[in-house]
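Let's start with one chain on its own, the form predicted on its own, as structure tokens.
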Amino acid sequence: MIPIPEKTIERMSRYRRVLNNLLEEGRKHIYSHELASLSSGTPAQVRRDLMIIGHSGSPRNGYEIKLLRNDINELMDDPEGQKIALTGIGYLGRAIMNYFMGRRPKLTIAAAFDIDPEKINRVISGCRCYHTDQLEEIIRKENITIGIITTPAAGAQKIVDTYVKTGIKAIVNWAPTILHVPEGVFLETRDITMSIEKAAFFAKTNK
């Protein structure tokens, strides 16, 4: 497969979310300009992206929503499914676990980890929770390939190092710190504070 840029994958995920919502509303077809408007893009960008999966809409009907959604699924999802480990069962960690429960048949949080004895050996949002000391054991046992970090900054790098040691190749970091991974490991950092501060700046300048 030809390498696909990160931004393209982000847009594909956004398109899929829009298409799923439209299917729930009973829609069957959509034009590129409509999909662009609903996903904050441009019609030309939508058409270029969908050509990657061999899609070109018809002038009369546009794109068939169900067929397009299924083709995006084929691009995005592993047919055998993928498992996620989440470390840090605080408010954010629980919110992510609640969101994923039953929503993504090909992408599931298989195990959660924390150091709080009140959370260990419990099932939270349908997910078994373990002590972080068991990270290596459980990740290998469950064949987990993706890691999420929602811990405080202080312990995040140690968790990342353990993830990498077990063979995890993709990590999403929500901890408020810069983390380091070796070449060949994908790291996505989401900084809530930076996003809010950016919003505050534009709120100030757009008065």
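As the structure is a computational prediction, the values presented were derived from the model and not from experiment. Numbers follow the displayed sequence, beginning with 1.
We do not show the form predicted together with the DNA, though everything after this point is about it.
The partner is not drawn, yet in the predicted bound form one stretch among 136-144, 172-180, 36-44, 150-158 has residues with heavy atoms inside 4.5 Å of the DNA: 36-44. Heavy atoms of T162 never reach within 4.5 Å of the DNA in the predicted bound form, leaving it off the interface. Using a 4.5 angstroms threshold between heavy atoms, G167 stays clear of the DNA in the predicted bound form.
Taking non-hydrogen atoms only, P59 approaches the DNA to within 4.5 angstroms in the predicted bound form.
The closest non-hydrogen atom of K66 lies beyond 4.5 Å of the DNA in the predicted bound form. The three marked residues, P79, F100 and R128, fail to reach the DNA in the predicted bound form, with no heavy atom of any inside 4.5 Å.
Shown here without the DNA, the chain has no residue in 112-128 lying with a heavy atom within 4.5 Å of that partner in the predicted bound form.
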